[in-house]
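In structure tokens, one chain follows: the form predicted alone.
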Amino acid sequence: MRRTFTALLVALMLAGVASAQEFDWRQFEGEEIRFMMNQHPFTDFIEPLVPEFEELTGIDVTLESYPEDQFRQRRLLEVASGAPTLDGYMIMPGQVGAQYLGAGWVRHIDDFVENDSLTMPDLDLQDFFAGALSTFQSEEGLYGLPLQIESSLLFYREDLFEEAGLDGPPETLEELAEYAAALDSDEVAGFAMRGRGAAATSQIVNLLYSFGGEWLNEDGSSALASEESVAALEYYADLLRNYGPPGPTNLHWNEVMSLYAQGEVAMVFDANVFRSIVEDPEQAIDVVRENTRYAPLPAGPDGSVPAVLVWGLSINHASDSPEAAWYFIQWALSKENQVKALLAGVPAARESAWENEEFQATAPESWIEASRESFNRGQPNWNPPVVPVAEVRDAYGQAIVAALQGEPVEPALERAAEEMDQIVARTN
């Protein structure tokens, strides 16, 4: 797998020798392609630029966008039908990657990447954040390119740290617990993160992997009852029960960020995109807006292993025009367009975009540094890598709620693991 990907990178470096002027953008002139998109900020950004692609290539593009639930249903119906009229689509590997790969509904693109007559010289795969590109790598090869990436960060109050005599953000999960204890008071909770059942799984997975745990064992069975998983959930439950706000099982992201924005929590861990809440004077009080800093996930026994959430573009397995679809993906996710996307508010998946000076002037330095670090070290399985994602999250969520209510963690996770195996077996 690693050798295969390295070979791809070498091929691209050699391809880069050719000049951009030599690349023939017109060889599929006259073809028509159709992409299905989620109604998403990226779609809002790229749609007005499509005429530029059509003028460059002579390829006629139809973009169809739908609200997310409808988008997923329509995409599923079309790819399952094998209709050749759909050429590409947006995809979130963490949601449906296992299902689409298992069913063969994506076209792998390694042969395109290795062909310098089909791949623009400045595609530069190495420019994508490692955590973003890895979500599109399967045992069979690369099956798309990322368009945006998110991860979770530690939001903390520098003024409260100084009052408590704490020097900088915690670097380990052990230090995080010590900091939470030092900051906790009758007026301000020391720490908060999501606790509402299945909704909490996308955040606890950061602890699971940092303690050395995983969703699945090598044989495909549930790993939720492992020693590492038990340790991660015990740590999380102790942290929230001892230093969190009241009612932790009611905390979704909205409650977590609202409590923080109103100065009721000293530290929270949640998605980096929620910086917008902290900086909004209508949602956050002045002392929070002025003193918030950001840090990557502190390291656990197995290091700091944050999850990354990635959207991207893939080619439909049944497309009649896969080469033209590949042209569109390269153009849409070029370095130039990724900078424009980032400036438009889409968290671009290319590292070079985040180095843009105009963008860097718009965001706190600690947020940019913590985000980039997380994107590069992130792992893609923020959801369980199985087809029945929602059902497995519900099973794990029940164990999370039980732990927060003070029940023993080990039997709760044993029940979750058993239920997960039964759920997965029913879908095979």
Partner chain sequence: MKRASDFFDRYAQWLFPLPALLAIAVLIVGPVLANFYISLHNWFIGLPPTFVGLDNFQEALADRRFWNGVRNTFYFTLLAVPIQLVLGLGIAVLFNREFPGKGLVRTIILLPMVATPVAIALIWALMFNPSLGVLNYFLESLGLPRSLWVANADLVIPSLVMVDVWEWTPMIALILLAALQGIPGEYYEAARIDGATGIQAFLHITLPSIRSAIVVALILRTVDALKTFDIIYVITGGGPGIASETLNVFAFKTGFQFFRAGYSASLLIFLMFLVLGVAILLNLARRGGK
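The model shown is predicted, which means the values in this text are computed figures rather than measured ones. Residue numbers count along the first chain shown, from 1.
The form predicted in complex with its partner chain is left out here; the points below concern that form.
Looking at N250, you'd find a heavy atom of it within 4.5 angstroms of its partner chain in the predicted bound form. With a 4.5 Å cutoff on heavy atoms, N356 does not count as touching its partner chain in the predicted bound form; it lies far away. Though the partner is left out of this view, A363 does not reach within 4.5 Å of its partner chain in the predicted bound form, counting heavy atoms only. Within 4.5 Å of some heavy atom of its partner chain in the predicted bound form lies at least one heavy atom of P388.
Only one listed stretch (118-126, 217-225, 289-297, 262-270) carries heavy atoms within 4.5 Å of its partner chain in the predicted bound form, and that stretch is 262-270.
Contact with its partner chain in the predicted bound form, defined as a heavy atom within 4.5 Å, holds for exactly one of Q70, Q398, N376, S65, namely Q398. Out of the listed residues N242, S258, S334, T85, S258 is the one that sits within 4.5 Å of its partner chain in the predicted bound form by at least one heavy atom.
For the three residues L76, Q405 and T427, a heavy atom within 4.5 Å of its partner chain turns up in the predicted bound form in every case. Contacts with its partner chain in the predicted bound form, taken as any heavy atom within 4.5 Å, map within 91-120 to Q99, W105.
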